[in-house]
Every structure is written in structure tokens, then in C-alpha cells.
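One chain comes next, on its own, written as C-alpha cells: the form predicted on its own.
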């Protein structure tokens, strides 16, 4: 008798619990893989936002940054994502053309080196691309000198990786019509081309190349997290290409209020204070406590290069063809 009267009660409790869980709204954010790793910003951001949203925040990794756009174009209006986080200004024009994004509606005092007035894409961090090498090694001094040297490098595929695409834009912005000649000269310096940043940086750390395409902020990770000053970013005379990473709200989201709440949260101190020591980039809004000790030692490029979103979209296909032609020879 105890068994027959107990089971329905347990079943009822289980149904209640299931119903309660089902009522918890889910906000799904599509982002790049390194964002959601245990050492990336994802876990800390998820915990902090769930404290204030009464929701279930779910990050979905979709490869490296440039792969986000490809996946979104493939899924179209059928996407389950409410927010896409991890595009940059080299991709926002193409992302806007999909018609899948809605205005973010966030007003914030951004700490960027450039003016920002994009109504659909909101920055969350920024940085400069650079080649990272062992401290004490002499910098070639320029992209052109690097191409003329015997230095072995690892880079990322511009079709799947925002750093890889950033290098294409860097060469194009610095050399214009001379870009094909730079790529021809660089081809024999390239050990391999990886799908994303993590694979390339791992190869460099394992000693498979002299330098890796990364960021001026990358040495901060080694300095702060590992108390290791053995890495440096090379400064180049023609300047360094800037990256501004953004998030956008998917117009077809079934959680518009939650999406708006997250985008507002994204420029708050709770989110921005996480960025420097998890994503190892400059935050879009300087945290209340300032930047971590060690960031003051980083390379500050004397010249910043950045094509507008429209100009980057206009030259992307030609730059990709130049890169592909040089590396296929």
C-alpha cells in the first residue's frame, strides 16, 4: 500500500518540477569556440547574467569567428540563435545584408579608438592583430620585411577565422595593389594555415613555427596568467590592423526582451571586467577598476589600420583570391 500511494505523489512532484523547468526562458547565443571554453569568457558571463535574468543562458560554439557568418547564412530565418556574438567589422556588412539582424537599441559610452554609430552591431571588445614570437627575437619590422625573411609563421584561414580575414585586410589596407606581391613573397614563410586561432597558437607554443598571427594583447595572457614574460608582439612600420568584435540581435528571436537585456548587460562592468583576462582583448568599455596590471607593457601600434565595413566587404573577394592564388603555387 505504501508503494501504490507514494508513486503518484512522486510523479506529481516530478511533473511540477518539469513544468517549472520548462517555464525558464532560454537565451541562445551563437559565438566562436574559444569564447565558450573553460578558460574563455563564456562561463563567467553565463554565471553573471543568469544571476540577473531569471533565464537559462546557453552559448553555442560555431567554429571560429568567420564561421559564424557562414552558419548564419546557411540557417537563415530558421536559426535558433537569439544573439550572434563574435563577428567583426570585416563581416558586419555581409551580416547586415542577410536581413537577419535587428537594431540593438543600446546607448553606451564606448572606449574605442574609433567613433561607433552602428545601430545593429554592438562592440564588446577590440584589439590589434600582430605576429607573436618569443621575447628577444628581432622583429622583421614590417609585413614586407617578414615576407622577405626566412621566418616561419602560422596563420589562420580567412574563410573560417576572423584573424585570418584580418590579415587579408591588413595586407590590403597597407599595400593596396601591391598585396598580391606581398602574398607571393609570404607564401614560403607559411608553415600551415589552420581553421582557427586556437590551433594556430597551439602550434606556435609547441615550437612548430617562429611566430603566429595573433594580437598585441596575447603576451598579456602569458604574463598575467602564467607569470611568463617569454612572448612578445612584433611592431610593424606600416601599422597594425584593428579588430572590433561585435554582437547583434537576431530579428526573429522569440526572446526579444531577454536579448535586449543581454546586450545592455554586455556593455556593463560585470561583462566588460571579464574580457581582459579571459578573451585577452581590450574591453569596449573600460572596467571600473581599469585594465589589469601587465596591459601597460603591451605594444601600442603607432599607426592603426581599419577599413570601413563597406570597404572591407568590397575588397574581401579580391583579397581572398590573391591569398588563394599565392598559396596554391
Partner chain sequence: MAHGAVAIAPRWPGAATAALVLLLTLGTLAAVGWRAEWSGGVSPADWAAVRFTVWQAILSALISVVLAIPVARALARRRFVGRGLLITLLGAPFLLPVIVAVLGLLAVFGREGIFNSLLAALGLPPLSIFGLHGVVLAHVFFNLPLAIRFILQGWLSIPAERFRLAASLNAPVGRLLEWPMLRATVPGTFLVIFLICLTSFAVALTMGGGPRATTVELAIYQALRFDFDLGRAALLACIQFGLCVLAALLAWRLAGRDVTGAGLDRVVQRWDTSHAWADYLMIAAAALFLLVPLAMVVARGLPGLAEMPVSIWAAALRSVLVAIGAAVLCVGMALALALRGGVLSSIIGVLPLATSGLVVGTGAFLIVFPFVRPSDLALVVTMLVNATLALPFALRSIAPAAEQISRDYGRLAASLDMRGWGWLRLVVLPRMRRPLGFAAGLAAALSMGDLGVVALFAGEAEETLPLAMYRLMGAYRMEAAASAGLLLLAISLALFWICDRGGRANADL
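Fair warning: this is a prediction, and the values are worked out from it, not measured in the lab. Numbering follows the first chain given and starts at 1.
Below, we refer to the form predicted together with the partner chain, which is not included among the displayed structures.
The closest non-hydrogen atom of residue 39 lies within 4.5 Å of the partner chain in the model of the complex. Contact check for residue 160: a heavy atom falls within 4.5 Å of the partner chain in the model of the complex. Although the partner is absent here, residue 241 sits far enough away that none of its heavy atoms falls within 4.5 Å of the partner chain in the model of the complex. Taking the partner from elsewhere, residue 138 is found to have every heavy atom lying beyond 4.5 Å of the partner chain in the model of the complex. Residues of just one listed stretch (232-240, 248-256, 215-223, 121-129) have heavy atoms within 4.5 Å of the partner chain in the model of the complex: 215-223.
Using a 4.5 Å cut-off on any heavy atom, the residues of 199-213 that reach the partner chain in the model of the complex are, in sequence order, 199, 201, 202, 203, 205, 206, 207, 208, 209, 210.
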